[in-house]
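Next comes just one chain, in structure tokens: the form predicted on its own.
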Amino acid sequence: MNMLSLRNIGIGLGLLFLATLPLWMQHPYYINTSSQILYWAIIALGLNVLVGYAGLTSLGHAGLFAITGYTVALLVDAGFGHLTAAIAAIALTLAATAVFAVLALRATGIGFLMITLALGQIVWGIAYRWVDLTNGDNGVNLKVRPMPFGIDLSSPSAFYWATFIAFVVALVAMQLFVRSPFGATVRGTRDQPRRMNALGFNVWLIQFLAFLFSGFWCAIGGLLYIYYNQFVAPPVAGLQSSAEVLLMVISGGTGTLLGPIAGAAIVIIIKNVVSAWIERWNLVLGLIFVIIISFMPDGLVPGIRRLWRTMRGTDAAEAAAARASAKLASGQTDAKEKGGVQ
């Protein structure tokens, strides 16, 4: 069985595990924690489009999904329906993403990072200071969750399955993006921007569209965030939120589909489960991050793949050596038998 078949089987079993999780995990707390992992994984997958495939590290994506959360909460509070609020929130987030992209793509490397950081802090400042609109530190409450197709999402299981469907759609969209010609051109702008420009590709436009694609999935994650928590406040747009999402992507493995998911699981489990037992859970998270980067610089998922290939290579070499030894021993035995016959 080749590596691709094993990978497909593993992905299928993983999706089956997630799809049936509320059926065998009865405790609502852990179902809710699983919902958090899934919507943060969507946000991390969105950021990974920039960090992993476009080579652009952003520290302002928390501002984007915070815009989605605030828009939904404010519009629903003003009397608009959930569908109208969600569509308006996605549209406004994409408009903000376009502004972010136009300003940030004027630079690369550390310059791009600092511009996105500044833009994210501007969103945080607006959420914190524009009290008449955002209610400042008190935040904005969302009183009820939507009922798509008449399905009540107030229960942990129902909301989990809705989040799981969105997660699967995001995963399929990312897979199509990676395998598409556009995904190849995005990776080309990451590896050889000057050569891509010389070949006639508009590098800026490609990166701009990648930024929009990233922002769209951050908006989807932001929708799930606000419907899960039913509350949004300025810390959502803060630097810590952006850093946590970036940590998910880097620790899991940039430029991979499974890496941001694994990173989201690590961060959310430590925040929600380990923190109940260890007061200084931030220290544990930092130590895990240092260990991963020290022993698996490419991230957890690429590191495990490399370790698996090494083990398979070692096993194959040992098997080949064993076969060679057996063949040699057999040859020597045959030679002795022939000598004895003579």
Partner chain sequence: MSSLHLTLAVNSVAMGGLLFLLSSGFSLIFGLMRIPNLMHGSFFMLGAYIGFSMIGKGMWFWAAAIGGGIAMALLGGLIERLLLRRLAGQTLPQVLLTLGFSFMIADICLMIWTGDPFQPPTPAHLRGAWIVGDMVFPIYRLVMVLVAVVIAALLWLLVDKTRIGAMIRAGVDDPEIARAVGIKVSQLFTLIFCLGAGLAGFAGVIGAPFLSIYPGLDAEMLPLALIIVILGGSGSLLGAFVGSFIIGFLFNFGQAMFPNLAYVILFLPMVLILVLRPQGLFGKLGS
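Fair warning: this is a prediction, and the values are worked out from it, not measured in the lab. Note that the rigid core is defined as the largest set of C-alphas that superpose within 1.5 Å between two forms. Positions refer to the first chain, counted from 1.
The discussion below concerns the form predicted together with the partner chain, not included here.
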*Okay, which stretch from 275-283, 62-70, 40-48, 304-312 lines the partner chain in the predicted bound form, with non-hydrogen atoms inside 4.5 Å?*
275-283
*asked:* Under a 4.5 angstroms heavy atom criterion, identify the one residue in 184, 151, 205, 131 near the partner chain in the predicted bound form.
replied: 131
_The unique member of 243, 83, 144, 169 whose heavy atoms fall within 4.5 Å of the partner chain in the predicted bound form_ = 243
*With the cut-off set at 4.5 Å between non-hydrogen atoms, does residue 289 touch the partner chain in the predicted bound form?*
yes
_Can you work out whether residue 229 and the partner chain are in contact in the predicted bound form, taking contact to mean some heavy atom pair no more than 4.5 Å apart?_
no
_is_contact(residue 179, the partner chain) in the predicted bound form, heavy atom dist at most 4.5 Å_ = no
*asked:* Test of understanding: in the predicted bound form, would residue 294 fall inside 4.5 Å of the partner chain by heavy atoms?
replied: yes
*Do all of 36, 158 and 224 end up near the partner chain in the predicted bound form, with near meaning a heavy atom within 4.5 Å?*
no
_With the partner chain taken in the predicted bound form, which residues across 100-115 come within 4.5 angstroms through any non-hydrogen atom?_
103, 106, 110, 113, 114, 115
*When you overlay the rigid core, is the Cα of residue 31 off by 2 Å or more between the shown form and the other one?*
no
